[in-house]
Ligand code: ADP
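Next comes just one chain, in structure tokens: the form predicted alone.
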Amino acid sequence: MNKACGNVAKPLFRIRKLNVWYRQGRNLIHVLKDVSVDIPERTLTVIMGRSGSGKSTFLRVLNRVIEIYRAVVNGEVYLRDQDIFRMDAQNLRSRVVMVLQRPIALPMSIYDNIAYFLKSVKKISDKKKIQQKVEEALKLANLWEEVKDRLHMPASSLSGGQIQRLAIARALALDPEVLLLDEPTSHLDPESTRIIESTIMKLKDRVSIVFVTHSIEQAKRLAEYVIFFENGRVIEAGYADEVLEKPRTESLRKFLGLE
């Protein structure tokens, strides 16, 4: 593995010379700077770094949600052998699904929060198939047992941790290849965090996961592969046992509290 670039044998994503600028009035703020890194398939990849280092922006690029921010983007991003910037955006976002830090429960029932996307995105009309997919997704997200008797109650009746798992279920119902999670436990209590982490660990053999966190301890618990950002650049990338236990750079050693 080329550690400088974080290369892996068969990458899921291959990113080269990625730059992102946000518009601020007439100015452009350079957020990601010449990012070149690979992300492995069927691996739980954790994106680490201080606040403002570019972690969430990087995640937004991977399914082109970045476009709604009117950002300027250049560079190459390939999903396997496909240039994501030449793909149909809706198709890309059904394959690479993002769950936000604070997801919103749609103003409808728990059941319909998932069924709506099965109908509108997957174009499924068969009621039995929709019911089957909703149940399967809720089970995968560790939420079924808590809501199976109140599926037709408003989703707004759920707790914050349950809404986070509902959002994960909603994403999983689309059968994605990649699940992007942007600090999904940052606003949750310890028990809800534990359940989310347990859910993620069970999912990692089913779907490739790219997970942004600001928590060093969480990264140590979950990461199989690590990408460390600082000031919009990738400073280190590699498998967790190498990067977290034997960091090569002073920046990462300081971030981990090793010096």
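Heads up: residue numbers just count along the shown sequence, starting at 1. Every value quoted in this text rests on a predicted model; they were computed, and no experiment measured them.
Not on display, but discussed next: the form predicted in complex with the named molecule.
Residue-level contacts in the predicted bound form: of S192, T43, S53, S36, one residue has a heavy atom within 4.5 Å of the named molecule, and it is S53. Residue V31 is the only one of I209, A219, V61, V31 with a heavy atom lying within 4.5 Å of the named molecule in the predicted bound form. Looking at the named molecule in the predicted bound form, residues Q24, T57 and Y69 each place a heavy atom within 4.5 Å of it.
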